[in-house]
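Form predicted on its own, single chain, as structure tokens, below.
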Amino acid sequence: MCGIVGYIGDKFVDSLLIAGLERLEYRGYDSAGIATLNKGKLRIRKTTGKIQLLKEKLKNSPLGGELGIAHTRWATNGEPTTENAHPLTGCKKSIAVVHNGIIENHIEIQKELIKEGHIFTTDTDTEVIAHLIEKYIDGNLKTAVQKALKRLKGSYALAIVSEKDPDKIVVAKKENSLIIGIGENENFVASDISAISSLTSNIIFLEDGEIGVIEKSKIEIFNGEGKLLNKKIRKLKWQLRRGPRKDGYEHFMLKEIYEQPRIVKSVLKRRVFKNKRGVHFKNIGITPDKLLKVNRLVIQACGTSWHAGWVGKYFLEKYLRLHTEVDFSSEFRYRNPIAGGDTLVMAISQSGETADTLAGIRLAKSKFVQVLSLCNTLESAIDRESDGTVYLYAGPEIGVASTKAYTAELLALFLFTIYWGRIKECISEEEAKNIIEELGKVPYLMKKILDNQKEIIECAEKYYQCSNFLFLGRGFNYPTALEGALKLKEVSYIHAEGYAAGEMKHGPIALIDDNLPVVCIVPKDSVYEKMLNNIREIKARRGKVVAIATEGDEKIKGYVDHVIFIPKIKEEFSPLLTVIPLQLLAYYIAIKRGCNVDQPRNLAKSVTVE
């Protein structure tokens, strides 16, 4: 959600900034822009739509210069228009600002500045920042920024340039990620490591309230009162050497669905002992002694990660008999949760930058509760602020609708449960071996589903024009129903709801008619007969049923309109398989509807504002 890139050095500024923005496309955006200082003169290009349009503008009319800042905007305050696109300026057009976050008191400040004669030309909250800096600047950009920040309430990651102080970029951070990359006679700014990781591995992470002054050969970091700080330079543990590629697939989403067998196989190889009697999690930051003392686990997450947390709850309770709660991060952060010394908070976030999840971590730590996070991004804010981190090792996920990260989260939860169970001695060596051997089948079983998509494609062709879907599941596959509905909503813009099947009679049954497809997740498990009862109730009301069922289940064919078969697997691991047909169904329906599956409208990969 929004992206910032900045550069000062001898390279061609336009190209470098555009390349950085392209690496941030996955975050989601609706407009883009660049500002540079060329021989001390501020020059700006911006546009709505894709970065490619901005590239074409720059090709026809390049900016050049010694330094620049760039931005991809995801609209919050103000519609996605060229005028509202960043960078934004003040009245004199001599200061440019790019901003991630929300300024909560912008209306109050705007009214004050209008009385002083400032003229506003956009509908954004960000514009007040440019006008405030313009008001305070007397030649020193850092001092003006420092004064302006004292007036702001809300969250921000900022990069600012000015004609009045033309040899530097000033940056500032509060509650939104911002990093500085250090090069040789050049320096970088970014909201996300991936934007600059191919250019440098030396990084400074800004903390809340800090201000950075970045020159070509010098970087200084100050606190909010202007005191110079001695910041540690961190060496990246990884570098993204090339930009994302589709490798022959039509879309990133499809590529990432197909990557799931390989990822599961790779993670198992990384985590499982050779004798298959246990798993290892080295240097995760939470000691075995601490895990032994935990009697209550609170999982907090958003969206797809929240669904993974629900599957994890069932698994943890089954094998560890551990009291486990699952909460939306957006609710957890505000509900003043009860937490004692026997509580562990687990945060799950693919991006590692999710604002609500990060706020939940800070709330937990303020109560002296340790936090263990499941995260796919090393050196992200959530990774850095957690007491311990379990990495997903799913690789970069470019499609906005999460697919491979979801199954990686499930696998991490399953494997960590084995690890924890061996520590607590509630999972024996033999039981751990049996669980691991069952998980070892998953890559092959996933591939079987991917190799046989005929029924999935036929269902997509039959139902892609429908306006509503209902997804039903029970037990371990209730969260799968939620995830299936979410995927369809995200990429096809069809209204879809996921429900626990037993709750159908408590409201959703009123929706069922011959125009409503109902996707029922009904593998051969402990609640199979209960699911059949729900299907009978749907068919009695002329609903159309698509079943996700176990291979060899001939009985189900007499109850439903379509069957998508998955291979047989132990009940608790079935969510690793049942979700794949739902991902593919959402993908093919969205393609039939002409939707942009990799970058759905209004969505962002990383939700970095509340």
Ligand code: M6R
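What you see is a predicted model; the values in this text were computed from it and never measured. From 1 onward, residues are counted along the sequence shown.
One more form of this protein exists, namely the form predicted in complex with this ligand; it is left out here, but the text below deals with it.
- Contact with this ligand in the predicted bound form holds for none of 480, 523 and 576, as no heavy atom of theirs lies within 4.5 Å.
- The stretch in contact with this ligand in the predicted bound form, judged by heavy atoms within 4.5 Å, is 398-406, chosen from 528-536, 398-406, 70-78, 200-208.
- In summary, among the residues 212, 303, 101, 181, the only one with a non-hydrogen atom within 4.5 Å of this ligand in the predicted bound form is 303.
- Scanning 162, 191, 354, 386 against this ligand in the predicted bound form with a 4.5 Å heavy atom cut-off leaves one residue, 354.
- Interface membership of residue 519, defined by any non-hydrogen atom within 4.5 Å of this ligand in the predicted bound form, is ruled out.
- Using a 4.5 angstroms threshold between heavy atoms, residue 490 counts as touching this ligand in the predicted bound form.
- Looking at residue 411, you'd find every heavy atom of it more than 4.5 angstroms from this ligand in the predicted bound form.
- Within 4.5 Å of some heavy atom of this ligand in the predicted bound form lies at least one heavy atom of residue 350.
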